[in-house]
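Presented as structure tokens, the chain that follows is alone, the form predicted on its own.
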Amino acid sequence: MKNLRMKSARAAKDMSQQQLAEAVGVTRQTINAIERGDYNPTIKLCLAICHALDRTLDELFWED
């Protein structure tokens, strides 16, 4: 499932995939794969992304 909430939160902070990747210590391709729904990040990476985007785990990764 695509992670449109993460993509939207990243866009709201005016961050590119590359900038987010650098902020959390992964490659741009990893961020792209998460947003496409092709990769399930570890909880550690999820937390780093949440911190970088000023969002909670529920806001970005909890499926309804």
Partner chain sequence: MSDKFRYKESGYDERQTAVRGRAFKWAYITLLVSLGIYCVTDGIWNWCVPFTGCASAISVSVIVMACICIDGDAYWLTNKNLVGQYVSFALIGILNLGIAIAAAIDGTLVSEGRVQLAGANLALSCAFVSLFIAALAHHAQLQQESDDD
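Predicted model, so just to flag it, every value in this text is computed and none were measured. Numbering follows the first chain given and starts at 1.
Omitted from view is the form predicted in complex with the partner chain, to which the following refers.
| said: Within 4.5 Å, heavy atoms only: does Val24 come near the partner chain in the predicted bound form? | reply: Yes, contact at 4.5 Å.
| Should Thr56 be counted as a contact of the partner chain in the predicted bound form, where contact means heavy atoms within 4.5 Å? | No, Thr56 stays farther than 4.5 Å from the partner chain in the predicted bound form.
| query | Though the partner is not shown here, which residues of 8-47 have a heavy atom within 4.5 Å of the partner chain in the predicted bound form? | reply | The stretch touches the partner through Arg10, Gln17, Glu22, Ala23, Val24, Gly25, Val26, Thr27, Arg28, Gln29, Thr30, Asn32, Ala33, Arg36, Tyr39, Pro41, Thr42, Lys44, Leu45.
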